[in-house]
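Heads up, the chain below is alone and in the form predicted on its own; it's given as structure tokens.
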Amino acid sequence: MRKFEVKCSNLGEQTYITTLKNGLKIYISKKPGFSKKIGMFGTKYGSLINEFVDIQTNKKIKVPDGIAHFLEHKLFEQEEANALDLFSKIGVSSNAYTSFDQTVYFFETSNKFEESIKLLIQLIKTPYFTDKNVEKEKGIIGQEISMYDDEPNYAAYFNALKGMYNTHPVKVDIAGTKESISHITKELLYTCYNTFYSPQNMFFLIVGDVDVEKTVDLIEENIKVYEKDYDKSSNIKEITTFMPDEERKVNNHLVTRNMDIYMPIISMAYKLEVVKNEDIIKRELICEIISDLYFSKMSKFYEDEYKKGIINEPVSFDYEGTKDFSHVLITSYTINPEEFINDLKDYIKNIKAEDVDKEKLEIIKKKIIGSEIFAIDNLNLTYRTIIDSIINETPLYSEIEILKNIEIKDIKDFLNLLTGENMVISKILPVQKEDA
């Protein structure tokens, strides 16, 4: 019998975890009664990692920005076919994505589960890079970079990151730049693939009503087809990566860009010290509470700004945090940027000084627990929770217990982290048109 670690949530969810001989970890979230099944083959490798030790040569190497995203594109393209087309032929939906700290390839199916697992493993295990197809991809990704660069919300977001961070690679677009991807070669792609797509750095996640033992056997059988030394655990090598030292101070307190838009976009961002493990989950939950308490459509700030005609869209309060970076972004469209910024600064100063409404806090905590209960029936939310736990090395199913222990002091302590010293303003303003 295979050994499994079983993680159970307070709400009755179960995830079975086991590690194959080659170091690949498999996670199976059992979902009785669901017909849809999701399979995900991922690696703990995203756009942040540009310096590392080549696992084959044991030499330190620096690669161009955007190469993790580029590699994702190329792995879904086989010698004579595109992965999306191959999955479509068997009636299965598939896709892939790259973020700051992960790359994941996935499928969704109801009745082609075994075929989908076999195909997904085949695609990830048979890279096909040539000088010709690499050069072709540079043009495609270059167009993608241009498209996102022209998107106002995306520009507001990355300008905020550029303002907050000095040397940290989080400030660089996940796809890189047209200049950086021009230096990508098939040799560099193979180097990144061999290092970060090695089994000990990857994970296989299944969400659905499946036979746990049979599913693991199926994954293992198909992995063995492509690994000659599968049974030799001595082949598992440690992966070494490097992250530049990031100063505590922000890079630039104000970043402004003019674009062809009607309504200005303002993003007020706060650079925070990094936390790890359970503290990441705690911060995420605290920020969810703050968002609901102070920035929802029911909040005093939204009501006042709306009545004054400064905003007519919700204000977003978003936290982003991993073991490598941490920040908050408060973003909104506004017809009066300067007044909005001043009002927001005053509002944050006031809520720091005010008492937190204990009754509202408890209502919001119950609301979040209700959302967790709802998430049980959403396979997409399930896999996101599990992948976050894998990447950030946080305990699975710990959110509710952490939430229950969040107190008024935790809210106040976090609000006090939002200071002028670590604040950045990102403005996207309309192009000033000359008078006719």
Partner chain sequence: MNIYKINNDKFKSIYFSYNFTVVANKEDISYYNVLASIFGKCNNKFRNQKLLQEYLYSLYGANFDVNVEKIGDLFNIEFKIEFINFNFLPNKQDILDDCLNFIYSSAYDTLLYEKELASDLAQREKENVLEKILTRKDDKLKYAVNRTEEIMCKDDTFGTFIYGDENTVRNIKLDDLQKYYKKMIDEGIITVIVSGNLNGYDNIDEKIKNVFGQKANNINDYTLYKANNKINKDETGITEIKEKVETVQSVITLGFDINNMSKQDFFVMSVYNAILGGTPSSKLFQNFREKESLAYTVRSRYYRYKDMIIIYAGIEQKNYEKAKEVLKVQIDDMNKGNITLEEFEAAKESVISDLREVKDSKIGLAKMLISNLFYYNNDEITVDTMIEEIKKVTLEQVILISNKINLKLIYLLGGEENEKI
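Positions refer to the first chain, counted from 1. Computed from a predicted structure; not experimentally measured.
FYI, the form predicted together with the partner chain isn't displayed, but the following is about it.
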Among Lys237, Lys178, His168, His253, which has any heavy atom within 4.5 Å of the partner chain in the predicted complex? Lys178
In the predicted complex, which of the listed residues (Tyr347, Phe100, Tyr190, Tyr306) lies with a heavy atom within 4.5 Å of the partner chain? Tyr306
Is it the case that Lys297, Asn312 and Lys366 all touch the partner chain in the predicted complex, with a non-hydrogen atom of each within 4.5 angstroms? yes
If we take heavy atoms and a 4.5 Å cut-off, which stretch out of 324-332, 156-164, 107-115, 339-347 is in contact with the partner chain in the predicted complex? 107-115
How about Asn82: is it within 4.5 Å of the partner chain in the predicted complex, going by heavy atoms? yes
When the contact criterion is heavy atoms within 4.5 Å, does Asp377 count as touching the partner chain in the predicted complex? yes
I'd like to know whether Ile90 contacts the partner chain in the predicted complex, with contact meaning heavy atoms within 4.5 angstroms. yes
Flag Asp260 as yes or no: does it have a non-hydrogen atom within 4.5 angstroms of any non-hydrogen atom of the partner chain in the predicted complex? yes
If you look in the predicted complex, which residues in 18-44 sit within 4.5 Å of the partner chain (heavy atoms)? Pro32, Gly33, Phe34, Ser35, Lys36
